[in-house]
Structures are given as structure tokens and as C-alpha cells.
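In the block that follows, a single chain appears as C-alpha cells, in the form predicted alone.
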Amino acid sequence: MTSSPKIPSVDPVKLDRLAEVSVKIGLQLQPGQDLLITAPLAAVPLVRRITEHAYKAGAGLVTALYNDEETTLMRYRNAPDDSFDRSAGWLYEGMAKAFSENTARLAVAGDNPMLLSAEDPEKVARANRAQSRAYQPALEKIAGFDINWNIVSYPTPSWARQVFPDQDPDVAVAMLADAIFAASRVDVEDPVSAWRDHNAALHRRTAWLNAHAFSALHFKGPGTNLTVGLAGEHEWHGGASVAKNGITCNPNIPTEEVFTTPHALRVDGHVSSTKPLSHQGTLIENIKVRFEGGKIVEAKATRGEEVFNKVLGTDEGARRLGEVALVPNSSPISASGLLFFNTLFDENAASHIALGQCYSKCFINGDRLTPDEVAARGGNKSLIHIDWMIGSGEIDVDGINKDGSAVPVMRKGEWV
């Protein structure tokens, strides 16, 4: 048996706690259940710890698939042009089959967010489209919450370099590791209990919002005056939720959000991003869009505008919303003051919206709805699901009742 690479800048105790939390809280992996892990090659130390905890929890079979940054770059620099219109559909069909057989899904994030920043943006866009199409069978199982799934993160050197560019490599990794552990609530003696308490707090928020059953949300602040109509029979979620296979899991670690499904045809007004969006190696800054009848009809950005517009052109649903989420400005990730260049973290620093595919679980009895029934209630369909941040300490949010009356939800970015 080979030993794990020695990485002194990552606290092994907290790393093990993160692995334990991912299995016991993130997945609540069941005895006999198989597990599929995807991860960057540099995240092997965390994957090995996750695998150990998974087997101790009774996992039937753990399979890990790795991606390598250098291999990815070799494609862009050497592959024939038609390569960028292809994707490994056979792989995603296999993943979809595994999910259909109740295999749990765990993704370890940690790729260099700027890996493709120097590559041909047209090739990047084509490759993304091809992968989105090929991944759709597997994505539907995840977006539909058919199975228990979870995402956690590992502080790879290439990612740490982006977050802390002025630090020595080992120091940058250590600083990113500490930030990940704090945000993931594993920097305490009993992280499993800490997560149970956090989930209870998020559930109190969702219960309040669900009791009000608002028709819409209104966001108002500098550069923003946006009304987001909410889908018919929508339901708010946050923290731990029950998947269609009956297992309660925490899909995102960390998480500070409560979220639901907007109505794809009832979003109007203008909105400005409050934090940069890092997308496939491009930093998109100062996004400003205008919605009419649920669709983005104008879109601008001071940086990365071309890439943003390519995203919007993915398909018909890419210009419409699939998620709206509320996050207090005082969240631990926001308080850190860091830009992680990673949506899993950055979306939990501020209230946000997501372009593209909705989550069918965000409907009352969503696990029983067909795709046509989801669409009839206002749910959006798309190959993409991309979150970007619109909340800050200057944004107010009101819940709008069916009679048009308003109820304060957030003031200056904080819960009322």
C-alpha cells in the first residue's frame, strides 16, 4: 500500500474531520451503498481519507475518478479542432446508470479556477457545450435530487495560488486550507454536532419563508431593482434535505444559503453583480443585466463580457433563472473577505441567482413531479446552472404577497 503524499501545510486532523463530515453529514452514506468520487489529482490525500471513512460506514464499493490539469492543457494545445465538439458521453452515461442504481455522488472541488484563462475562448466554449450535453443524463439525476450527493473542497496548490497570489506556495496552501476548514465548520472539536446545529438554524429560515409562500421577491440597492417571481407551489430549502432515495444529505459543504425556484417567465428589472464570477478560467466582473418576462434582454460586464454572452447563448433556458438564494452579508465566508474563485464558496458569501436549470426538489412534492409538471409550475430547463452573486450589505429584500403587499425579509443584507 502506498502512503499519502506528505503535505505539512494541511492540518491532517482537520482534513480527516472534513472527510468524516463529508461521509456522515454530506452524504449520510448508507451501509451497502456504492460511492462515486470525482476529484483533482492533487486532492488524493482527501480522497483517501473519504474512502476510508466511507468503507468504515459500510460502503459497498468506492470508485474514484481523477482529472489532471496538465492533461487538460495538453488537449487545448495539441488536439485537432474537432476534438472540442466532443465529450466522453460513454463516461457520463455510465455515471447516470450508477446513479440510477443508487450510487452516491461526491465531488471534490479544487481545480485551478484560471486554468483555461490563456486558452482560445471559442474552444473553451465549444468544449463546455459538448460536455454539458454529454453530462445531461447524469446531471438530471443530481438536479432532480434522485440520490444523496455532496461537494467538498481541497486546497490544491494551483487554487491556493489564485486566492493568495502574494504568498509563498506552502503558506498559500496552508491559508486556503484554514479558510476551507473554517467555512466547512471542521475547525471545532465536534464538527458533526456543529453541522446539526447549523442545519437546524437553516431549517428555521426555510420554515418561515415557506409559511409566507411569497409570490415574488424584490431586491433593491445600488444598481439593482429586480423582482423575481417565484414558481407555483415553490418550496424553500437549505442545509440538509431528503433525496428521492430517502436519504437525508447536505449537498454543499460549506453552505449558508436558503434557496428556491424562480418562475422562468416572471423576472423583471435590472440587477448588478456584487462579486466577480469565475467561470471556466475567465473572471467576469461587474455584470449588469436587464430582465423582461423572465428573460435577460441586455447583458454587460466590464471584464469577461464575451464569455458571459457565450454562456447566455448556451440554450433557450440559459437566459432565464433556475434558482434564487438568500445569504446574510454576515456569513462566515463573507466575513472572511476572500474571493475564492470557486462558486461553492463565493455563492455562500452573498445572496445570489443562478442562470439555467432549476432544482425540481424546490417544489411541494417535487419528488413526484414530471419534467412537464415542473415546467408548468414555472421551473426552468437548461444545460447549465451558474450562480452569481447579487447580495451585499447595501441590498434590501422584500417578500411580495399575491395581493402586492410587501414583507421585509432582509435589510442591509441581514435577516429582519
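This one's a predicted model, so the numbers in the text were calculated from it and none came from an experiment. The numbering used is simple: start at 1 and walk along the sequence shown.
Just so it is clear, the following notes concern the form predicted in complex with another copy of the chain, a form of the same protein that is not shown.
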Choose from 367-375, 31-39, 343-351, 383-391 the stretch whose residues reach within 4.5 Å of another copy of the chain in the predicted complex, heavy atoms counted.
-> 31-39
Select from the listed residues H270, R196, R86, K220 the one whose heavy atoms reach within 4.5 Å of another copy of the chain in the predicted complex.
-> R86
Could you tell me which one of T71, N225, N309, T248 places a heavy atom within 4.5 Å of another copy of the chain in the predicted complex?
-> T71
Could you tell me if L91 has a non-hydrogen atom within 4.5 Å of another copy of the chain in the predicted complex?
-> yes
Closest heavy atom of A79 to another copy of the chain in the predicted complex, within 4.5 Å or not?
-> yes
Taking heavy atoms only, is A183 within 4.5 angstroms of another copy of the chain in the predicted complex?
-> no
Proximity of L355 to another copy of the chain in the predicted complex, heavy atoms at 4.5 Å | no
Kindly confirm or deny that E52, R75 and K97 each have some heavy atom within 4.5 angstroms of another copy of the chain in the predicted complex.
-> yes
Taking another copy of the chain as it sits in the predicted complex, which residues of 45-63 have a non-hydrogen atom within 4.5 Å of it? Please list them.
-> R48, R49, T51, E52, Y55, K56, G58, A59, G60, L61, T63
